[in-house]
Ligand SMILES: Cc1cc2nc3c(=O)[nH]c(=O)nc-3n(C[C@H](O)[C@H](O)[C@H](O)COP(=O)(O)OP(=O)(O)OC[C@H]3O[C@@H](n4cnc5c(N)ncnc54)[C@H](O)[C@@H]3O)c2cc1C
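The chain below stands alone, shown as structure tokens; this is the form predicted alone.
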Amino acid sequence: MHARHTCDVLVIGGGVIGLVTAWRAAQRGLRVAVADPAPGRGAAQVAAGMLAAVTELHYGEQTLLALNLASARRYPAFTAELEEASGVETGYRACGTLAVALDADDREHLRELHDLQRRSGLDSQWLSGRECRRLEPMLAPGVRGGLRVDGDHQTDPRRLSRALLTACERAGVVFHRHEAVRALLAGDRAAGAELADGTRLAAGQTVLAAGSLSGRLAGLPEEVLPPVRPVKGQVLRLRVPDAYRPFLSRTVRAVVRGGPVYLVPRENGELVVGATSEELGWDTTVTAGGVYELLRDAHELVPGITELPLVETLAGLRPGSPDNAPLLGPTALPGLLVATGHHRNGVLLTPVTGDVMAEVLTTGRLPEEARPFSPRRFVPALQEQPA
């Protein structure tokens, strides 16, 4: 098949980032197509869905913090609009997060994080170990202290994906369920893509939003391919029987033996435990060691977890960039834009990414809040040029 289809915007990649870009662009009146063999899948199927702009703050990431906070503030209105547009509940919960310390070193680390949060103008409350256990009685007796962050919430990425897919379909987005294998060029600009079945999709603008695969599309000049890499994460899903509820009332996270672990309770009784972070290329094998380490660390944090049924083990690939921040907006190749590299913040950054990409697709202007994340920052000769 070599049929040619024409659209205003072709989005390559149907994960949450590609879907929200397509939905928002279609709402602006653009004719939008999405190329993905399994839209609604991707890294979000493995993600825990923590909307943790405050508790995930890292040193040196203050610029990213501003974007994370902007997206977190949009989540309640974004969720309400999406659920109305799709008729699908997303599992958004304004439940808060508790980050706890299990030993003296972890307690000192949390104290330093608390200081950084306060210097950054963020709202978090230091609690004693007893106060932590009063909030979450299932916590281990050895908890030394913690940070209560009521503004860090959660959503269910799988349900979010379904809602975005349905909203796109209702907004008139056309889905081509094949992989984009080669970019199409017309002179010195991007002009769409060829799919695995031979279909050629012509587009006025092309958005590369294929997660960790974004840097592998053939036919593009090397200097405009986004420098993203796959970062493996393993997660577990357990079920909390009715007799054990409420098991946890909010997201609980900690650093155990130097590695982060989190437990995210869903209203439907699911408990997500994650996540490892491994630089292993394209490997998505669930390993006995990864499962063991997650269960061991989660057991130290919440001993009762070993009584729960284990229902799923999964591994996925996050798209990481050189500075672990997203790439948003136009590239040096006219007609080609990217929305990828979100690393651990893809679900959190979904609302702001949709708004940013729709704005630049319709006006040609990259919003001020997104300019630090232009893909051109990785091309030295273009760093001083305006977006």
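Remember, it's a predicted structure, so these values are computed and weren't measured experimentally. In this text, residue numbers run from 1 along the sequence as written.
Here the subject shifts to the form predicted in complex with the ligand, a form of this protein not shown in this document.
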query: Residue stretch of 310-318, 133-141, 90-98, 109-117 approaching the ligand in the predicted bound form, non-hydrogen atom distance within 4.5 Å; finding: 310-318
query: Among the candidates H178, R229, R162, R74, the residue which, in the predicted bound form, approaches the ligand to within 4.5 Å (heavy atoms); finding: H178
query: Contact assignment for the ligand in the predicted bound form, among A35, L327, V32, M357, heavy atom within 4.5 Å; finding: A35
query: Complete contact of L213, R344 and L348 with the ligand in the predicted bound form (any heavy atom, 4.5 Å); finding: yes
query: Residue contact check: A25 to the ligand in the predicted bound form, 4.5 Å heavy atom; finding: no
query: Residue contact check: Y262 to the ligand in the predicted bound form, 4.5 Å heavy atom; finding: yes
query: Contact of A209 with the ligand in the predicted bound form (heavy atom, 4.5 Å); finding: yes
query: Partner contact for G233 in the predicted bound form: the ligand, 4.5 angstroms, heavy atom; finding: yes
query: Contacts with the ligand in the predicted bound form, stretch 270-287 (heavy atom within 4.5 Å); finding: A275
